[in-house]
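In structure tokens, one chain follows: the form predicted on its own.
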Amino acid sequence: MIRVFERWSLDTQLVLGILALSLFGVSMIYSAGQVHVPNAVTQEAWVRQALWFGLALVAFSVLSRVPLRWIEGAAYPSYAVSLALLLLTLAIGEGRGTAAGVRSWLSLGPLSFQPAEVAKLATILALAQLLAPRESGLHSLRDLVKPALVVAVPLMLVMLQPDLGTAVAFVGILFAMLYWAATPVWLLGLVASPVLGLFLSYDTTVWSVYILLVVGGLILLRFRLSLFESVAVVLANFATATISGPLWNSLAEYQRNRILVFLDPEVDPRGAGYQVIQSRVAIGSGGFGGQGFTAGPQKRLDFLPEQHTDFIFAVVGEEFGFVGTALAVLAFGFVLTRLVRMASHLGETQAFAGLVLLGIFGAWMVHVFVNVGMTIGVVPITGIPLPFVSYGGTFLLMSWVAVAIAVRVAHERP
């Protein structure tokens, strides 16, 4: 029996960890539906998630047998198809939930799916195909232009939906894969500096000190960057500071409110701040051992919004306490660490495989960090699901497709 499982899974440790998280997710979605106020959508969500889980296992069984050369050959075509789907979503897409004006879904008869989830995996494959042939690392800003464009195009299309949570995952993909492609950390810091400057531009004094530090760092790196590249970094920081006002005004009202309540939830305790306040109360009431499976009072009274999707971690905290949340975080840590270890065991001839594994790592790392962070109030609410645990058919299916590709590329020798 063990040998049969090993032949099916290809990587016992990774697949067992993800199987456990997926089953845990179905059980928590079931628990999230056990409320005093009848809600057919929430109460039946675990059944739909279980069906998607079964479909995901079938997809894993098939795709984990696909030859590596097929995966490499499909990298650019799948990227092109994903961009077409994102454009189609902007044209005829529809929204879900309470975020008015968001167009993130395409409907095919009775089925709906999120093209952004397809685009994440396609972007990982395309970027891996672009970076794999390089025999040396990326040592200048010019080297980063093409990789950045590969990620920037789908990222901007997702932002236009607008879906900020999913867009952030593309950033994690880019930086994880650039790091694995031997890009120096200082160069990655320069690339990220305009984004940091955007957030610091809320205060003129803080931003002025920051830009002086950037200029000072560029002076220290004068032998590593050309004059053109140094000027480009400074201008990019000024540009992001300049557009911060118009960018803020372009955000939807609910997005601006989410940022404001992140700074102080009590600003709007019955509106935008309600979610994070109730999430903190739920997690805090769980204490050390929790209230018990299906017994969380905040959840049962339906005080916790989106408790089967974005705020599923709050249900875990309320019903299983510190012990349950710690075990969940450790389980994610195990899965993410396993991906890195698989990549580190690959040889130089398997650059494509290593890059794919780190791209998947980057996407999942962002999802876990942001989702857990927003439930406890340390990052703004962005509407990003917890991998394998939150309700979401497309996300679960594409996550298992990513697992299939991960085990295939890691265990097939070129």
Partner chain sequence: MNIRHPHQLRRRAVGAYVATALTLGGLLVGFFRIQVLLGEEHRLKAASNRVRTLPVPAPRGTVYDREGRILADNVPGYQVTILPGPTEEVRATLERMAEHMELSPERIERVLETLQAYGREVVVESDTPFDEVAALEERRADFPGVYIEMRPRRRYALGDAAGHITGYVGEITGEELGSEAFPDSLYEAGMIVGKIGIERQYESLLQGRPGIRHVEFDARGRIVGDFGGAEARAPEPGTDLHLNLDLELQRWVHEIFPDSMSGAVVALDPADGGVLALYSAPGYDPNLFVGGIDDEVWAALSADERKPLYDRAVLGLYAPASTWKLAAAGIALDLGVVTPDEEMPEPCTGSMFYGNRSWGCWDREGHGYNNLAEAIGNSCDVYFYQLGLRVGLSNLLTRANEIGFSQQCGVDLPQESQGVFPDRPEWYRENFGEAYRYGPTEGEALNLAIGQGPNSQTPLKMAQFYVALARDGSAPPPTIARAASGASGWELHLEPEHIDALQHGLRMVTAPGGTAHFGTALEFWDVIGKTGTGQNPLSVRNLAEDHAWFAGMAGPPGERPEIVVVSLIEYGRSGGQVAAPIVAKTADFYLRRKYNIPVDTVQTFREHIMTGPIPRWYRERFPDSDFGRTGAEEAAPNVSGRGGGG
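Note that this is a predicted model, so its numbers are computed, not measured. Residue numbers count along the first chain shown, from 1.
Omitted here: the form predicted in complex with its partner chain. The next part is about that form.
Enquirer: Only one of Tyr210, Phe175, Phe303, Phe113 comes within 4.5 Å of its partner chain in the model of the complex by heavy atoms, so just point that one out.
Expert: Looking at the other structure, the residue within range turns out to be Phe303.
Enquirer: Between the options Val372, Leu68, Ala45, Leu57, which residue brings a heavy atom to within 4.5 Å of its partner chain in the model of the complex?
Expert: After the contact test, the surviving option is Val372.
Enquirer: Hey, with its partner chain in the model of the complex, do Ala182, Gly321 and His345 all fall inside the 4.5 Å heavy atom range?
Expert: The answer is yes: all three residues contact the partner (heavy atom, 4.5 Å cut-off).
Enquirer: Which among 78-86, 161-169, 323-331, 225-233 is in contact with its partner chain in the model of the complex, heavy atoms within 4.5 angstroms?
Expert: Single hit among the candidates: 323-331.
Enquirer: Taking any heavy atom pair closer than or equal to 4.5 Å as contact, tell me whether Ala50 reaches its partner chain in the model of the complex.
Expert: No, Ala50 is distant from the partner.
Enquirer: Please check if Ser107 has a heavy atom lying within 4.5 Å of any heavy atom of its partner chain in the model of the complex.
Expert: Taking the distances in the model of the complex, the answer for Ser107 is no, it never comes within 4.5 Å of its partner chain.
Enquirer: So, in the model of the complex, is Pro297 in contact with its partner chain at a 4.5 angstroms heavy atom limit?
Expert: Flag for Pro297 set to yes.
Enquirer: Classify Val150 as contacting or not contacting its partner chain in the model of the complex by the rule of any non-hydrogen atom within 4.5 angstroms, answering yes or no.
Expert: No, Val150 is distant from the partner.
Enquirer: Heavy atom within 4.5 Å of its partner chain in the model of the complex: which residues of 360-383 qualify?
Expert: Sequence-ordered list: Phe361, Met365, Val368, Phe369, Val372, Gly373, Thr375, Ile376, Val378.
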